[in-house]
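The chain that follows stands alone, in the form predicted alone, written as structure tokens.
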Amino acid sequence: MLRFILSRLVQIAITFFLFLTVVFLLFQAMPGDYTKQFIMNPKIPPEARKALQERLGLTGSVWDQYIHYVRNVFTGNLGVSFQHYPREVWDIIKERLPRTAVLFLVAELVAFALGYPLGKYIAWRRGRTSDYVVTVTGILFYTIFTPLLAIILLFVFSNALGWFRSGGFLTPSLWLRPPVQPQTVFLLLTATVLGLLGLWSGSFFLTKRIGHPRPRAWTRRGLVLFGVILATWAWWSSGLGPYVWDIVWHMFLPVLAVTLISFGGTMLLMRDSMLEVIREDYITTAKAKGLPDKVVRDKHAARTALLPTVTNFTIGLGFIVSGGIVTETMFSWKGMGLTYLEAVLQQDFPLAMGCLTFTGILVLLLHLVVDVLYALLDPRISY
């Protein structure tokens, strides 16, 4: 396994280098000269332009700019944003990333928690009325036009019912004199979500020694419920409860939109994968041995069918930047997706290239995570 991970890290480094080359050439091939937009930007003082041009490598040839760009990326220097001068690109990414991470992590986890068991059940009961109803519902959510879904949710829950705000991520009147900055709350909320995810993942190892599946499942649910109650108590006892609730309140509609779309894809993928697995010979053998249907379904079929779903779930987390462009624009959620769109529209190429670079790193690392998860979930796979 160690040799495999080291070889994959070498492949990731080579792929990332090629990815940086494609990103650089892509922006070089775009029409217009973004250096003119940089020079004419009124936010940048004339005396600072020459120093910034040298720092960003805009004074030399295309080859010099490429070498300068690659060197800056590997040294952690993503440059200065034209649009948000004099803020560093990395500072903007650190500010906007937790907002997108919380939004998509919560949505993907809820979609996976609903789509995985439902896809498993309807595949096992294929051909029944429930199978047709759930499948059609999943196809509807998976293929719906995302802006149309956002408009429907905004009309129903914001305009008609008035339960949620139509956009933004904060209530300005509440945050006039906050005890902490919104960025701190987002970071703590991200840590809370990651902690609950870690508790849920660890519960499978903590309950591994419990023989019967039903007590094992209830123990896992109890651990996760305990974590949720503990996190809720910690937020309210710290005095930050109203502020985090304000963020969650604004986050409900975009989370619902992403959840519905992801739920459809996860459920349909799990159903199709399950239908292929239950035709295998070892499933027939397990049934012939007289094992209960629930054991055959959950322990033998679902574990193998889970592999494509886990791949889709894990890789999907790496595309939170591109996947959040439409959702964050429709709901005015100032995350990575909306930041990338505004950077491209305003020709803020250092910020746009920084967002793409971060996305490339995240996707490549998650590919490695998927390879390791495959070995843990499927005993037939060995490295």
Partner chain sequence: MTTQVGTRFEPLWKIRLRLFLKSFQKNWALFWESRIGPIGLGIILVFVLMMIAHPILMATVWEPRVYDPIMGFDPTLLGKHPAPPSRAHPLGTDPIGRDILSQLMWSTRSEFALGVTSALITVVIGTLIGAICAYFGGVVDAIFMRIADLVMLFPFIALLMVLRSVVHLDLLRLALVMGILSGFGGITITLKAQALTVKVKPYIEAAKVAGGSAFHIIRRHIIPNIMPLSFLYMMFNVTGAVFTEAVLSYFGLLDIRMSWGIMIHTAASAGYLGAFSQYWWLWAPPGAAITLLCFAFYLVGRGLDTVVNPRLRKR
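It should be emphasised that the depicted structure is a prediction, and the values quoted were computed from it without experimental measurement. Numbering follows the first chain given and starts at 1.
Not on display, but discussed next: the form predicted in complex with the partner chain.
In terms of contact with the partner chain in the model of the complex, the residue from 191, 151, 217, 230 that brings a heavy atom within 4.5 Å is 151. The partner is absent here, but in the model of the complex a heavy atom of 140, alone among 234, 248, 113, 140, sits within 4.5 Å of the partner chain.
Although the partner chain is omitted here, in the model of the complex none of 204, 291 and 372 has a heavy atom within 4.5 Å of it. Using a 4.5 Å cutoff between non-hydrogen atoms, residue 75 does not count as a contact of the partner chain in the model of the complex. None of the heavy atoms of residue 198 is located within 4.5 Å of the partner chain in the model of the complex. Though the partner is left out of this view, residue 27 does reach within 4.5 Å of the partner chain in the model of the complex, counting heavy atoms only. Taking the partner from the other structure, the partner chain in the model of the complex has no heavy atom within 4.5 Å of any heavy atom of residue 368. Considering the partner chain in the model of the complex, the lone stretch of 221-229, 155-163, 305-313, 104-112 in range is 155-163 [heavy atom distance within 4.5 Å]. Contact residues in stretch 331-366 (any heavy atom within 4.5 Å of the partner chain, taken in the model of the complex) are 340, 341, 344, 345, 356, 359, 360, 363, 364.
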